[in-house]
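One chain is shown next in structure tokens, namely the form predicted on its own.
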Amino acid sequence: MENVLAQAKKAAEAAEVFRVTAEETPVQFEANRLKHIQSKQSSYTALRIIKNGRIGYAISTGAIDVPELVSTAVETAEFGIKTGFELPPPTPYPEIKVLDPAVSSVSLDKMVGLGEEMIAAVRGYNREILCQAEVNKEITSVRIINSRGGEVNYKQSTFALGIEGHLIRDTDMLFVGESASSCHPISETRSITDVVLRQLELARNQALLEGKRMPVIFTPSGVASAIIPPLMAAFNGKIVLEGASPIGNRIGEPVFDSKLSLRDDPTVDYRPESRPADDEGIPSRYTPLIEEGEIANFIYDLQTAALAGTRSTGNGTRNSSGMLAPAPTSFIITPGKTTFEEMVNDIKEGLVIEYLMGAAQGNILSGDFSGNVLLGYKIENGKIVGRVKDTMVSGNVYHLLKEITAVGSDAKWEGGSIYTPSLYCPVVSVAVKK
């Protein structure tokens, strides 16, 4: 990396070298059986330069051909976008715990055993269920150096496991599932399988639902699948700059219900999306996005912040090809004080949405969503009475979140990067196929 940086400094006014290496071991199960175990290593090195006020970029996987990497970056700078930012100088970084060495020492036998344990627990409820499961461990090393002397160097561990179950009877298909992830090893599966067994129990009976506008409770999984994607787009500084965010000019305005608060936070210890710095070397920090219903901030990387005339929020993130853009780390909705049971008890007739399929196919930038209820339950006189079929919901997150009856106390991590409670919305459009 030092050689790349030295050569790049000769060819440009500023340069940055980013390198990531990963060692990953996924253990996968399909149709209730072990499918395969695979250990794999990957690495890439990305070079970004600023030459004549424009950005040049090049990437190399595996062994580095330094002259070619630098030459490619210089060539792309001729056509690169103009920039007004400076790379970060040496700076202190927060001490965020993201590495547990015990992850790398978890044996393959233990990982296989965890997968088998999940499948056995779910099939113990019903032998007809077909299960897919995965147990995965990964150690990632990240290093960044730049021409101003800035340097970031850290390792991160991730351990994840999850299970999905499908029960097919004629034209009826039931889907259940749950997952968990951490920077620590996860040694027990009950917290996962108990959720799936509860889903199976609630879905034991089928219930008829009439299509109309009604109260809906989005569980944490439902919030993650239906409500979070439009918010992630709306708070992205790049989309704000393009004028495509419906809240881009509403800083300080009460756009949402005062019960709703949301932040982006990469500083939570031992979470897979946490880190001491972003992928540009900007120190990680907590960024409030919604404070009691009011728009507080957007998320930026160096380039979008420079164009917006503001500071980076430490959200510079590289995609699989190494290119940079602002992206959320951990989206965290502040929990309320209402229990899930209290929400259900309050509803005479309504719907609980556990998983929504295809919600992101709506006009995500405007906040519109619509999708089929992959797993949901009917509420009748304050009780869940069974699973619904052939049901679709639609709406707009800005209308939906303008008035929230309650924010749940049942917050949990979804997908490793979203922490959310259940949300009780008073009126949602529900359609049912006859």
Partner chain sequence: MPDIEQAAHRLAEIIKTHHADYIEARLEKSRSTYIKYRGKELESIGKTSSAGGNVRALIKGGWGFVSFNSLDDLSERVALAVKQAELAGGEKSELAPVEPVVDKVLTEADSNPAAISLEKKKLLLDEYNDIIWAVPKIQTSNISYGDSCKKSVFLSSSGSYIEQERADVTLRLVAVATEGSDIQQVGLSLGSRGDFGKVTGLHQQVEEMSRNAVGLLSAPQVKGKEYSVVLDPVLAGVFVHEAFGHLSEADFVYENKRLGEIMTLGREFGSPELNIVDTATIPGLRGSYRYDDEGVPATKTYLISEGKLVGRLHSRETAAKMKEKPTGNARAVSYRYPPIVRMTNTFIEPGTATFGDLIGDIKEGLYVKNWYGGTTSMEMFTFSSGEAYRIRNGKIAEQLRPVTLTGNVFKTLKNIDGIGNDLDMNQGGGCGKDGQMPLPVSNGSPHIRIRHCLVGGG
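Numbering follows the first chain given and starts at 1. All values derive from a computational prediction rather than experimental measurement.
The form predicted together with its partner chain is left out here; the points below concern that form.
Q: Even though its partner chain is not shown here, does V385 get within 4.5 Å of it in the model of the complex, heavy atoms only?
A: Contact with its partner chain, no.
Q: L208: heavy atom within 4.5 Å of its partner chain in the model of the complex?
A: Because no heavy atom of L208 falls inside 4.5 Å of its partner chain in the model of the complex, the answer is no.
Q: Give a yes or no for G62: in the model of the complex, does one of its heavy atoms lie within 4.5 Å of a heavy atom belonging to its partner chain?
A: Heavy-atom contact with its partner chain at 4.5 Å: present for G62.
Q: Contact with its partner chain in the model of the complex for S105, defined as at least one heavy atom pair within 4.5 Å: yes or no?
A: S105: no contact with its partner chain in the model of the complex.
Q: Go through M232, L87, I239, L202 and name the one with a heavy atom inside 4.5 Å of its partner chain in the model of the complex.
A: Filtering the options by heavy-atom distance leaves I239.
Q: When its partner chain is placed as it is in the model of the complex, are T76, D172 and S245 each within 4.5 Å of it, taking any non-hydrogen atom of the residue?
A: Yes, because T76, D172 and S245 each have a heavy atom that approaches its partner chain to within 4.5 Å in the model of the complex.
Q: What stretch, of 122 to 130, 272 to 280, 191 to 199, 341 to 349, brings heavy atoms to within 4.5 Å of its partner chain in the model of the complex?
A: Going by heavy atoms within 4.5 Å, the stretch is 122 to 130.
Q: At a 4.5 angstroms cut-off on non-hydrogen atoms, which residues of 373 to 411 are near its partner chain in the model of the complex? List them in order.
A: Result: L374, K389, D390, M392, S394.
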